[in-house]
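The data below hold one chain only, encoded as C-alpha cells and taken in the form predicted on its own.
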C-alpha cells in the first residue's frame, strides 16, 4: 500500500517494511505518520524496517522525520530499524548526531 510517499509492505513474522519514495514530502508528514501507525496497529506489527537504500544523505529535516516516526512507533510498542543506510547517509547522520537516535540500524532485515 502506498501512503503518501511511503510504500508499506507486510513482510511476515510481525514485521513491516517501509520504503520511502521521492514523493514523500518531509515538510508535511502528519498524515503519513498517522497512516503508518494505523497499518502497524492493524497488522499487529512489532517491527518496522525503514529502508534507506534510496536516501543518499540524511540532513536535519530527514533526521527529524525518522526520530518522529521512531518515537511514534515506540509509543505503540513497535521497534523501528533503519536498514540499507548508504555510507554517505551514515556519515551525514554522524556529523550532527548528539544523542543516540530513537531507532536502531542494521544492514538489512536478515541482520536483526
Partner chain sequence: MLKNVTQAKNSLIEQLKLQVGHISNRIEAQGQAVFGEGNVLSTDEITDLSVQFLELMVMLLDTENPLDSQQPAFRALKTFFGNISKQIVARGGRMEDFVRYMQFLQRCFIESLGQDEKVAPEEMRAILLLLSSVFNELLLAVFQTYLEEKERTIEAQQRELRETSTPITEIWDGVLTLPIIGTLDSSRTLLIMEALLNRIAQERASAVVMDVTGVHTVDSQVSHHMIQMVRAIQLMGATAILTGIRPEIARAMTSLNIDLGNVTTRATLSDGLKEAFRLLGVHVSRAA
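Owing to the predicted nature of the structure, the values given are computational and were not obtained by experimental measurement. Positions refer to the first chain, counted from 1.
Another form, the form predicted in complex with the partner chain, is not on view; read the next lines as being about it.
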| item | value |
| --- | --- |
| Heavy atom of each of 29, 33 and 37 within 4.5 Å of the partner chain in the predicted bound form | no |
| Distance check, residue 95 to the partner chain in the predicted bound form, heavy atom within 4.5 Å | yes |
| Non-hydrogen atom contact residue 101 with the partner chain in the predicted bound form at 4.5 angstroms | yes |
| Residue 68: touches the partner chain in the predicted bound form, heavy atom cutoff 4.5 angstroms | no |
| Distance check, residue 3 to the partner chain in the predicted bound form, heavy atom within 4.5 Å | no |
| Partner contacts for 53-88, taking the partner chain in the predicted bound form and a 4.5 Å heavy atom cut-off | 85, 86, 87 |
